[in-house]
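The same protein chain appears twice below, in two forms, each given on its own as structure tokens and labelled structure 1 and structure 2.
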Structure 1
Amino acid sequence: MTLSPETIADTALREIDAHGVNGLSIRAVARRLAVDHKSLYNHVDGKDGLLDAVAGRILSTIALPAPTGDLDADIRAFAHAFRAHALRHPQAAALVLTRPVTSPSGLVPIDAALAVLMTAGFSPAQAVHVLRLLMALLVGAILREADSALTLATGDHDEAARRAAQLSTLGLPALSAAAAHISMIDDEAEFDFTVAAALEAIRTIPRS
């Protein structure tokens, strides 16, 4: 297998899947490729360039469904495709969602989303604002989900009960009242609720 930015990025991604972003090292990637670690510098711009390459690779491999013309349905489909793709590599999610989009291939999904919004009657300026709103919401929601392994909430009932009990001991009244609910989470349902709220907000924006 010859060395290329793509193979290097893919190998780095597998390393991230296995050991997390913090476990990623240039030398470990090189070991995986059975190559001298300094060789990577001929194809990638240092460690930061490697991380950019990984983020770009993930972003460019997202598969967006074709627009139907129904704004709500299209946004919903976009949101779910984005989420599903990001969560395929939860360890790398923060990377993709946090790094600025620079590569041309990463701009393709953005173009597609803007097209949907403009077709629905939003001006270019409005479409940009709505897209920023939508992306902020998706990034926030998916990010929480990605490291939900470490969060207050869990999907397990017994564990949730245990955490709720602990939360109630802190003397914070509102938190105590909601402890049972804040300790339990159904990720799918939560995401649907989030997207529905976004649709509601977008619906009320006047179009010109």
Structure 2
Amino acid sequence: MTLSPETIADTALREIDAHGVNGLSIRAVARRLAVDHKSLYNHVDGKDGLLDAVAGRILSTIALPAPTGDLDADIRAFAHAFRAHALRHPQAAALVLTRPVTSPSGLVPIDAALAVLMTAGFSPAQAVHVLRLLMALLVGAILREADSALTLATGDHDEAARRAAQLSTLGLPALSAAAAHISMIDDEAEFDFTVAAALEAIRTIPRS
């Protein structure tokens, strides 16, 4: 088999899908590829390099929507494309959004987002600040969705009612008042709310 960074990253991603990030190793990927694990070091620098390669690979394969010139529409389209692609591999979602990416192909979505912002009138410096704001909100929303352990909420109505009842007995007045709402979540609606809040903030930023 001819090894390439793309082949190795795709195989590592399948390993993460099956066993989680903690189950990923150079040897596990080599077994899937039926090669000596030492041969992988010609393409990736240990496990850290493998994780970075996976992050870059996922980012480089996002189906980016064509820009329309409408800031709101383009940011919404970018955000939803980003979310949909990241959540195809929920075990790797946190990895995709937190590992450093330096490959040109992995940086294509960042370039696209900056282009949307600059086209809307933001200077390069402003575009970077706005993109960081947007990504901070999107990353938080996606990480929460990918790992329900990060939240009190569930999408199951019966389980949500049980959690709300428990929260109401803790003697915390604000939490008790919001118990029914904080125990239940609609991931799609929550993401839409996050994107809308980001857009509202972005609209208030003067452009220069």
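Rigid core here is just the name for the largest C-alpha set that superposes within 1.5 Å across the two forms. Please note that residue numbering is based on structure 1, beginning with 1 at the start of its sequence. Here the structure is a predicted model, which is why all the values come from computation and not from measurement.
K.L.:
So which is the form predicted in complex with the DNA here, 1 or 2?
P.N.:
Pick structure 1; the other is not the form predicted in complex with the DNA.
K.L.:
Inspect the rigid-core superposition and answer whether the C-alpha of V44 shifts by 2 angstroms or more between structures 1 and 2.
P.N.:
It does, since the V44 C-alpha is displaced 2 Å or more between structures 1 and 2 after the core fit.
K.L.:
Rigid core fitted, is the C-alpha displacement of A178 between structures 1 and 2 2 Å or more?
P.N.:
No: A178 shifts by under 2 Å between structures 1 and 2.
K.L.:
With both forms fitted on the core, check whether the Cα of A66 differs by 2 Å or more between structures 1 and 2.
P.N.:
Comparing the forms between structures 1 and 2, which are aligned on their rigid core, A66 does not shift its C-alpha by 2 Å or more.
K.L.:
After superposing on the rigid core, what is the C-alpha displacement of V29 between structures 1 and 2, in Å?
P.N.:
So the C-alpha of this residue moves 2.3 Å.
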